[in-house]
Structures are given as C-alpha cells and as structure tokens.
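The chain below stands alone and is given in structure tokens; this is the form predicted on its own.
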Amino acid sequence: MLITEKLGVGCMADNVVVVKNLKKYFPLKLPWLEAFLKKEKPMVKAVDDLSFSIKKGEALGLVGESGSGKTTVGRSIIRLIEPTDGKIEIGKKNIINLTENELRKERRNFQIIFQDPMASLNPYMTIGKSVIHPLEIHNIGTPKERKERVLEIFEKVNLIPAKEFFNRYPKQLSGGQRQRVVIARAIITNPKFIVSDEATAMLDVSVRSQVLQLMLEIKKEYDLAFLFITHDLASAKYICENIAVMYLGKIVEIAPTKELFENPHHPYTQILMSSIPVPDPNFKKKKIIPKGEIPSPTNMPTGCRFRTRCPYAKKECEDVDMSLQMINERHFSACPFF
C-alpha cells in the first residue's frame, strides 16, 4: 500500500485538499561558462515529493526551520508559483491542469494570508476597496450587496465600527488591524481552502493570540480547510488538528497534534519540541541541540537529510530511505532507527 493511501490521500470523501508527490525545483544560476559545460543543471530541491490531505473544517500545521520549504509548499499548492511535478486537488478539481482563465475563476475557492499585511495591501487603496475587490473580480453581487458583505465581514473580524474602517487606509491601522483586513479579504469569497503563511509572525504576543482565536473561529464557522504554515509549534498546537514537520524539502513526520506532542518520533521533531519555552522556571526541560549547520539544498546528504546534524546518527543513516513509515494508524515518521 502506498504511503498516500495509508494517509487517506485521495480516498476520503471529505478531503478538501489532496496533494500527491508535490515537487518544486529551482534551477541554480551559474556563470555562463560553467552552466554551458555542465551536463546537468544543479537544482535547489525546495519541495521534494510531498503528499498529504486536509479535510473540511480541519487545519494541517506545516512546521520547521526557516528554509525548510514551508512557504514554497503553500504557494505551489495554490499555483502562485508553478510546481515542477505532482498532483494537487482542491475541492475535487486538479488545479495543475487548469488554464490561466480557468484558474482565475477557481481562485475564489482558495486564498492566502501572507506574513506581512502591509506588503500585501495596496497603500493607495482604502481597506474597504481592498476587501471588495475580490467580489468585483469574480462578479459576485451588486455594488450595494458587495458593500454590505464587506461591512458584515468587518464585523466578524472585529473591525468595529465597520463603517468607519471602510474608508481608512492601511497606514491608519495597527499591525493587528491590518492582518484582520487581510483575513477579511481571504474569506470574502467564501473559499474552501486557506493557506496561512506565518500570518501571526509579525504581531505582538497579545495581538497574536487574538488573531489566532479569530482564525480558529473562522475555520469553525465557515468549515474551512487550513494549511497553517508556521515555525511556532505552540501556535500550531492551538489551531491545528494535525501537524507535519518539514526538513530540507521533505516531511519527516506527520501525526495528529496531540499524538505528535506526546510521542514525537523523529529526532528532528524531538529537537523542535525541546526548544519550546516552558513558563515554569523550576521545571527542568532537557534540550536536544542539533549538530552543525543546515546542509546546502543544492548538495543534499545521501540517505537521511538530517543525519549530518542528528545527535543519534548511525552509519546506516547514509543509506536509509527517507519515505514515511507507519508508527501507528495516523502517525508516520521518516526515521526507521529511532
């Protein structure tokens, strides 16, 4: 049985998002003479053969260090960047095969919340106009209905009083308020799937908790499928039903959130877990420190990609298969030795 079948990919009726064998390789730019002489062009394997699914009303957390390929996964799934290979289904449609016009029409069903709200909002456009714009693009409703819909969404994301916010510009809002505007814009078309790309990373801690609560409420109310990309395991634990851990373009472990926190299997997952701060100063927590630096994505280690930094690495790790192995019915890990 294929690992994608074990994970339920493509075989459950309530899956909103199904990703099979997703790859995204970027060609490495070389000096012209070196590029001419090389038989094979070196590639950066940013995303290397990922498979997972997300059900209706559930969130999958994608966690890992910076540079592990999390953002590339999110952008590839909704074709903000074109995947090198693989199959992506959103709402039973294989979006890889869609033409530009077909993709444009389908975009109302999947949206993204970016990390920096100021960079993702037009500074010369009022926030009311920014949020109403997707309705205009997809020709949803009359002008009056569109404005009413925006005011209703503003109320939901706690931009109150909504009428006063409608004509404000991004520079007149706080960081938390701007992120609420971006969330409002993401849900205005009633999508099936949302990618949240480090959406709370630039917010203060107090504001971050409020935005996380808002996203949780929206997920439940609209029955959305979420891909929650973050480097913060505590945030992922709060909002996600399942968590996938990435390292150098690969998923090294995937499990239900409670199971992953109680029984982390892969050494890399254990290292991430040990780095979570503990509020109790009297509680002594063992920290596991990885060795060395992250390898170059253009020159990956053979076998297990984490073996050069793993405190438990063996000689056999040089030849180990990086595919996920079943720990239990819903828990999979890429380390067969630990």
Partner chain sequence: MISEKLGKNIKQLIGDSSGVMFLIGLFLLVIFIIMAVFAPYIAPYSPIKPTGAQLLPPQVGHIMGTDNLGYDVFSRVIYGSRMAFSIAFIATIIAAAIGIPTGLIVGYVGGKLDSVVTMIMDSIYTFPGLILAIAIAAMLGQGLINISLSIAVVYIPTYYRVIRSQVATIKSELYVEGAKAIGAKPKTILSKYILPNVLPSTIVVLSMNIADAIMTEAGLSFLGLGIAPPTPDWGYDLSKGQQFILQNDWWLVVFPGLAIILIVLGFSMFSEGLNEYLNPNIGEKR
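Computed from a predicted structure; not experimentally measured. Positions refer to the first chain, counted from 1.
What comes next is about the form predicted in complex with its partner chain, which does not appear here.
Within 4.5 Å, heavy atoms only, which of I160, L80, L216, A234 is in contact with its partner chain in the model of the complex? Partner contact (heavy atom, 4.5 Å) among the options: L80.
*Name the residue from E259, D116, E241, E89 that puts a heavy atom within 4.5 Å of its partner chain in the model of the complex.*
Filtering the options by heavy-atom distance leaves D116.
Requested in this report: Verify the flagged residues F110, N122 and E136 against its partner chain in the model of the complex: is each one within 4.5 Å by a non-hydrogen atom?
Outcome: Yes, each of F110, N122 and E136 comes within 4.5 Å of its partner chain in the model of the complex.
*Look up in the model of the complex whether K147 has a non-hydrogen atom within 4.5 angstroms of its partner chain, and give yes or no.*
No, no contact at 4.5 Å.
query = Taking 4.5 angstroms as the cut-off for heavy atoms, does K93 touch its partner chain in the model of the complex?
reply = The answer is no: K93 has no heavy atom within 4.5 Å of its partner chain.
Determine whether any heavy atom of K220 comes within 4.5 Å of a heavy atom of its partner chain in the model of the complex, and answer yes or no. So K220 does not count as contacting its partner chain.
### Task
Verify the contact flag for K156: yes if a non-hydrogen atom of it lies within 4.5 Å of a non-hydrogen atom of its partner chain in the model of the complex, no if not.
No, K156 stays farther than 4.5 Å from its partner chain in the model of the complex.
Location of its partner chain contact in the model of the complex, chosen stretch of 206 to 214, 242 to 250, 101 to 109, 263 to 271 [non-hydrogen atom, 4.5 Å] = Only one stretch qualifies here: 101 to 109.
So which residues in 61 to 77, when you check its partner chain in the model of the complex, have a heavy atom no farther than 4.5 Å from it?
Only a single residue, R75, comes within 4.5 Å of the partner.
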